[in-house]
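The chain below stands alone and is given as structure tokens, in the form predicted on its own.
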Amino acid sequence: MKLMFATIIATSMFAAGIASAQSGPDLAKSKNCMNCHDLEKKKVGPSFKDIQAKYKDSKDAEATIAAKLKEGKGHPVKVAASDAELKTMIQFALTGK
């Protein structure tokens, strides 16, 4: 019984890891970032190109942007995403990759 329970938990954790292993562009689309942001031009929010320029010399860019997205301060809405998803989306915004 314990082995079956452990197998179920391990399988669930593995499946959750696969589900959250989306690429930056896929996450940005699924979390509706692309409704307000574009890669090259300003929409409602700044383009990712402008975000990259703004934070290019910032050592704490990821943490700053993550706080804005989590708290909704400096960003119109709180983004419903896990820390791993936020990290992936922010890296995509900052690098285009």
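Residue indices: 1-based, along the sequence shown. Predicted, not measured: the structure shown is a model, and the values here were computed from it.
Beyond the structure shown, there is the form predicted in complex with a small molecule, which is absent from this document and is the topic of what follows.
Engineer: Looking at the partner-bound form in the predicted bound form, is K70 within 4.5 Å of the small molecule by any heavy atom?
Structural biologist: Output for K70 is no: heavy atoms all beyond 4.5 Å of the small molecule.
Engineer: Does the small molecule get within 4.5 angstroms of any non-hydrogen atom of K49 in the predicted bound form?
Structural biologist: Taking the distances in the predicted bound form, the answer for K49 is no, it never comes within 4.5 Å of the small molecule.
Engineer: Is C36 near the small molecule? Define near as a heavy atom within 4.5 Å, in the predicted bound form.
Structural biologist: It does: once the small molecule is placed as it appears in the predicted bound form, C36 has a heavy atom within 4.5 Å of it.
Engineer: Even though the partner isn't displayed, in the predicted bound form is V44 close enough to the small molecule, meaning a heavy atom within 4.5 Å?
Structural biologist: Within the cut-off, so yes.
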